[in-house]
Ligand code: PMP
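Taking the form predicted alone, here's one chain by itself in structure tokens.
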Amino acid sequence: MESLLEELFVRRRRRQRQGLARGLDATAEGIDFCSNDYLGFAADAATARALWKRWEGWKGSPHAAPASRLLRGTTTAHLQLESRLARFKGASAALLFATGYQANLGLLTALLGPEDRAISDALNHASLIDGLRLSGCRKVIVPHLDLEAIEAALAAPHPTGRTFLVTESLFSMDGDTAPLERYAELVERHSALLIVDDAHATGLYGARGSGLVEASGVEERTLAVSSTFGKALGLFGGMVSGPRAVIDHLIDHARSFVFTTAPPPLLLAGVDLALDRVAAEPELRQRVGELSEQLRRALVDRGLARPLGRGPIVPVLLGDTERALQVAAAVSRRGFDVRAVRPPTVATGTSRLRVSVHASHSKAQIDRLAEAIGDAMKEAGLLVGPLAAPIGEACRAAGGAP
């Protein structure tokens, strides 16, 4: 054991020298431009009070479900919420999972096997990557959002098994979106199937606010959609929605569903409340879009390259790890909680600030943040002006997934 501990110590020191060591800190300070609380629900005291009031009204309901769903963990509340979530996502059925990560693991390992082929975007989330690895399927990794590469991969012969196109809808690090309608056309043309991780879009897009699958009009053309409650809904947990046959198959075969404790009813009450707010306050998701665009324009006005995407995830690409850490620290000193994202979360050479815009932010806070980022880059000795744009372009050119 001593030799292993020594090896781990050496590895840790090496990561520290490279600026890649992580730490856990519960003393976060500054205005939150870091978390995925896009609609501001998690930080809203009124929402917490409303949840407690709703929970008090659930007379006779257990506070927890200390068993798997297939033993004694399923309650009426689970079934009612799954029915509501299916309607919310425009699907025939839905199934709750403990986390969004477990939802993707369970979905992919239950549906795909060694005889199947998965075409996967190079920047897909780690949960999708791990799910495909565990499934044993043949993996074809295509450049990020490259329609030509996707179509070529779909057209390549695959005499055994099925072909699946697997993608995020709103990408968690670059903030850009997949052309889901075009993807649906391609998979139909090549007799393939589409699986979408809608996690970061859930609560933000579409008439119901259910996500980009709804907004793109491909609900009935998508085999399965995974979503989470830990982003815009401000909670915790995950789900898969799709045709009843898919959900029934997951109940039988998704190991991350079968062999884990059921989500507690208190969480279900929170999700139910969040869905009420999404339906009642569509102006919140509109505000997120407006503030996100304001931040992008403000950064451009200060000489930075326009960040990718149009949604709440605003990446400020800096390239070098130490540079990203230095700029993040300087922004923090100015009163904003913005974090540096480094490898292996993103590809080597594409370290960045990952800014997350919330509906609860004010326009003045957005402008002050843009000013803080610009000043921090000056403080770090970076060129802010006509020569700043190539920094971002060089990062994008690096591309690829870790």
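Numbers follow the displayed sequence, beginning with 1. Quick caveat, the model's predicted, so the values are computed rather than measured.
Below: the form predicted together with the ligand, not depicted.
Looking at the ligand in the predicted bound form, residues 320, 348 and 352 place no heavy atom within 4.5 Å of it. You can rule out all but one of 77 to 85, 93 to 101, 150 to 158, 253 to 261: in the predicted bound form, only 93 to 101 has residues with a heavy atom within 4.5 Å of the ligand. Of the listed positions (314, 240, 108, 199), a single one reaches within 4.5 angstroms of the ligand by any non-hydrogen atom in the predicted bound form, namely 199. For the options 228, 222, 292, 120, the one in contact with the ligand in the predicted bound form, meaning a heavy atom within 4.5 Å, is 228. Among residues of the shown chain, residue 163 is not one whose heavy atoms approach the ligand to within 4.5 Å in the predicted bound form. Contact between residue 127 and the ligand in the predicted bound form is found at the 4.5 Å heavy atom cutoff. Residue contact with the ligand in the predicted bound form: residue 168 places a heavy atom within 4.5 Å of it. By the criterion of a heavy atom within 4.5 Å, residue 172 is counted among the residues contacting the ligand in the predicted bound form.
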